[in-house]
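Encoded as structure tokens, the following chain is the form predicted on its own, with no partner shown.
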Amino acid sequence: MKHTLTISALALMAAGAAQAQELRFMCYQDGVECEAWADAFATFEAENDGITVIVDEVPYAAIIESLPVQLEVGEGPDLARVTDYGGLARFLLDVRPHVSDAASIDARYGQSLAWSRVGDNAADGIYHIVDQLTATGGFANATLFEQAGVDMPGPGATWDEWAEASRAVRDATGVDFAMAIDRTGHRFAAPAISYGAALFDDDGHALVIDDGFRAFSEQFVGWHADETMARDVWAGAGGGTYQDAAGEFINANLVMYYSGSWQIGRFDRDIGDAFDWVATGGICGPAACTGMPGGAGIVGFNHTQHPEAVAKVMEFIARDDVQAQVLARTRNLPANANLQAEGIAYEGVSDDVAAALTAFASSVPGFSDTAFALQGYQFNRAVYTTIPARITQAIVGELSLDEALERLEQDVADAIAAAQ
């Protein structure tokens, strides 16, 4: 009898071990994202007996360099926090067949889900959940506007209105620069779309130089010629080199700066109470009032031995209450439509920072579908790096604008062909 009980006990232990599922989650963080998810997974594990999630924090370089190599040979973690959805698309797990309410995830994460629905991936697949949405938009030095006695443009204001107001403030206060935009095609894309640029042809291929793209390009080059734009941000570098103007804004030498939500923490730290600044939200052109989205998200991989368990984690990550808790701690924008509408109760931030985060989050629902499509485009790096190279040549007079745009279109086509 004792022998029989021992065998039964061993059998039960073996069955329990077989049911236990350990998932590895490769995570990078800009702030405390990995720590926040590790804490949140304690709740997940309490709700899902037998599933354990091990968070392996790594540098971002490991995500963009080591992870793809592992995936190529069928190895690597079960889940990871990534930014290159298009580049990793063929390795991603579609959790739609395994989640309990796919329609709810579709409704809440809508446009951002399309970023990984590329290549052979299903058009309705659920391959990732964004946990750090970024958005491009403007920042204005409110103190300079007040000193100049110039009314700051409000919600729905156009690029022309901001240019006129910023020039007036610059001239009244004696600062050096009215406006600046980061030197990257990612930042250039949003106003181009707002001026009517389609970017893609009917087959979904970029980059198309149409009337909308040309209209903003002419405006942008013109703003450099009349010194509305801080010239050295774009003209001071060559090729696809990235350059920003954050330092000039922090030093109160720039009236209006177009960058993105990731600058909020830096401005809070480096500006302090030196002057008042505000986030402007989206800026409008004749066709739209869009910014460009971006950010990081969590994916599962199709080599996992536990697809159902990975799907449970992904559905947990997508929950409103879980996202709200993590975002409040990490001070990131929500990709979740419900939380965009309700707002996030951010922890330990000033009223100004909370207002800036809210302004960016509330602008996202109005972003163009084209902006989301470009962010998920498999070859968007070719677009983002080639635009500054050729537009800069028009700014400094090396090429006419017509020549620059013609070469830009061909450069992108050549870069995509080489990548393929």
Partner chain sequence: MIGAVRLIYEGAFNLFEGPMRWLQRSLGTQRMVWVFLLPNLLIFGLFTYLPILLNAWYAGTSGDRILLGDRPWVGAANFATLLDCESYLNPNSCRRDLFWRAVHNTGWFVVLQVGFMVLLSLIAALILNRNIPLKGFFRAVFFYPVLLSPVVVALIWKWILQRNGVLNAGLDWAGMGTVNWLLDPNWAFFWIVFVSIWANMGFYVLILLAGLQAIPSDVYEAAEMDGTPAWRRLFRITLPLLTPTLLVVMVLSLIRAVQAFDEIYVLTGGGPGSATLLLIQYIYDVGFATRPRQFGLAAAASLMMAGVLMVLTLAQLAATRKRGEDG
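Think of the rigid core as the biggest set of C-alphas that the two forms share within 1.5 Å after superposition. Because the structure is a prediction, the values reported are computed rather than measured. Numbering follows the first chain given and starts at 1.
What follows is about the form predicted in complex with its partner chain, which we do not show.
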Are Glu65, Ala235 and Val396 jointly within 4.5 Å of its partner chain in the predicted complex, each by at least one heavy atom?
yes
Heavy atoms within 4.5 Å of its partner chain in the predicted complex: which stretch in 31-39, 49-57, 357-365, 382-390 meets that?
382-390
Scan Arg266, Arg90, Arg214, His303 and let me know which has any heavy atom within 4.5 Å of its partner chain in the predicted complex.
Arg90
Interface check vs its partner chain in the predicted complex: of Thr241, Gln325, Gln147, Gln219, the one with a heavy atom inside 4.5 Å is Thr241
Test of understanding: in the predicted complex, would Arg407 fall inside 4.5 Å of its partner chain by heavy atoms?
yes
Can you tell me whether Arg96 touches its partner chain? I mean in the predicted complex, with a 4.5 angstroms heavy atom cut-off.
no
Does its partner chain come within 4.5 Å of any heavy atom of Asp78 in the predicted complex?
no
Going by a heavy atom distance of 4.5 Å, is Glu22 a contact of its partner chain in the predicted complex?
no
Residues in 151-180 close to its partner chain in the predicted complex, defined by a heavy atom within 4.5 Å, in order
Asp176, Phe177
Rigid core superposition, Asp369 Cα moves 2 angstroms or more between this form and the one not shown:
no
After core superposition, I'd like to know whether Asp84 moves between this form and the one not shown (criterion: C-alpha shift of 2 angstroms or more).
yes
